[in-house]
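Given as structure tokens, the chain that follows is alone and in the form predicted on its own.
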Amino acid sequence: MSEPVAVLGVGQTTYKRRHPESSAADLIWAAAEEALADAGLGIDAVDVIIAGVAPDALAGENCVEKTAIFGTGKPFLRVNTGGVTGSSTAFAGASYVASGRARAALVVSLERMGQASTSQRVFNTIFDPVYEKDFPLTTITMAALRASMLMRVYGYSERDWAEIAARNYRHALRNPLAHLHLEVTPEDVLDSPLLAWPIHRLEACPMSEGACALVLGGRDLAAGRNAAWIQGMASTSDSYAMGDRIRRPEGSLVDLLSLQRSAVRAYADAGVSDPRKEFGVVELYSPFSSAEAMTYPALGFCAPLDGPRFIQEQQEDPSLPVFNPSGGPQAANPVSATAMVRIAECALQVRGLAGDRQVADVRRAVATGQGGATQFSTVCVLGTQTP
């Protein structure tokens, strides 16, 4: 990037199953106005507005952003890349600032799936329609397939998934914006009903609504402000057919090759050599606790065979990063916005503004995004220093 880019402002609504009291415009501007106020800027300072909204069918409304952005007089575009819509939107805004086309960009992501009656049917159309339709795969059975592969290939257990889930719920208790606030132990997770073996209900994310917004700016606007600098960002795509990724030598279905490649590129831009030591916080787009375990080796925190041991290390080694201090997607998963929420939470941590969920002395944080059948992967490194 020719011009360094910083997150100057963050805004979020609460996340819950439905927001029947609010229109799409209400949610978008609640988050946007909070982000602008945090940045100390008015809408007149914004040169471009970018909205991230996943398929209209999820929201039960055609072009949910049209009433919200109408009348601003600003250049506008919409981004839709499935589960990574939020991070793709942030990356698009960062590109405007980095290229010099905008001094400030307002990026916002919205999820309205609570208004639709067919959201799960929409999710279940992301798989190959010819070769994989007869399984039949759903988002839940896809997660179960991968979790069982992780157990067979790398030695994870159901208890490992329960430990991750319980930790995420524990963190969410300190996040007033989270959809779920539950006192959950690993035993509670294992006692919850099975959705598809080995996935228990309390290992899975909720269906959430809400909006998230960021104000992005360059060096001149960041001067004198408490900013979180984007030190590295990368996005990688892969085959969406699950069968194509099961046995390939460069990375199987559970090795998250696209996330690994994004991490390598983003770390190189940011100058990260040891993620275990250099990150204070890690915010992961992992809608199932088993999906979180897949990210550990892809992001360089451990070798694939050491994944089960790394789960225990997180509980015993205070020098390791804190994973999902917000509670992560298991506590709130507004799909179109979730990947932006990860960036927003990292920006708040770097700026020391995360409230009760603040981790001490965070100098660097990393946020991930996963979309589709995890064929889209993003990594964003944020820090206190200008890249």
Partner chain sequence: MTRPAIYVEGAALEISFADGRRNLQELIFDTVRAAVDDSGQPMHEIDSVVLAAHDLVDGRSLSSMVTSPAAGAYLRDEIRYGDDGAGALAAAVTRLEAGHARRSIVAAWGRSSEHSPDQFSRSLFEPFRSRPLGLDEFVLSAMRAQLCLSAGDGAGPARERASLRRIDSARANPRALRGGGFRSAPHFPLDDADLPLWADVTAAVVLSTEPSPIRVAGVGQSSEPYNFGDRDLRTITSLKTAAGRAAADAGFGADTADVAEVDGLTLIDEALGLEAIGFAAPGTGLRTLAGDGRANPSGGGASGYSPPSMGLVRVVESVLQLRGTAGSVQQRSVRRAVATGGSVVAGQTQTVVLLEAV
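Residue numbers count along the first chain shown, from 1. Bear in mind the structure is a predicted one, so any value in this text is a computation, not a measurement.
Below, we turn to the form predicted in complex with the partner chain, even though it does not appear here.
Remark: residue 190 does not count among the residues lining the partner chain in the predicted complex, judged by a heavy atom distance of 4.5 Å or less. Within this chain, residue 78 lines the site of the partner chain in the predicted complex, having a heavy atom no more than 4.5 Å away. Using a 4.5 angstroms limit between non-hydrogen atoms, residue 57 touches the partner chain in the predicted complex. In the predicted complex, none of the heavy atoms of residue 314 sits within 4.5 Å of a heavy atom of the partner chain. None of 221-229, 98-106, 287-295, 165-173 except one has non-hydrogen atoms within 4.5 angstroms of the partner chain in the predicted complex; the exception is 98-106. Proximity to the partner chain in the predicted complex, taken as a non-hydrogen atom within 4.5 angstroms, holds for one residue of 37, 43, 353, 63, which is 63.
Among the residues 154, 127, 267, 310, the one placing a heavy atom within 4.5 Å of the partner chain in the predicted complex is 127. Contact with the partner chain in the predicted complex, defined as a heavy atom within 4.5 Å, is made by all three of 72, 94 and 237. Scanning 362-387 for heavy atoms within 4.5 Å of the partner chain in the predicted complex gives 372, 373, 375, 376 in sequence order.
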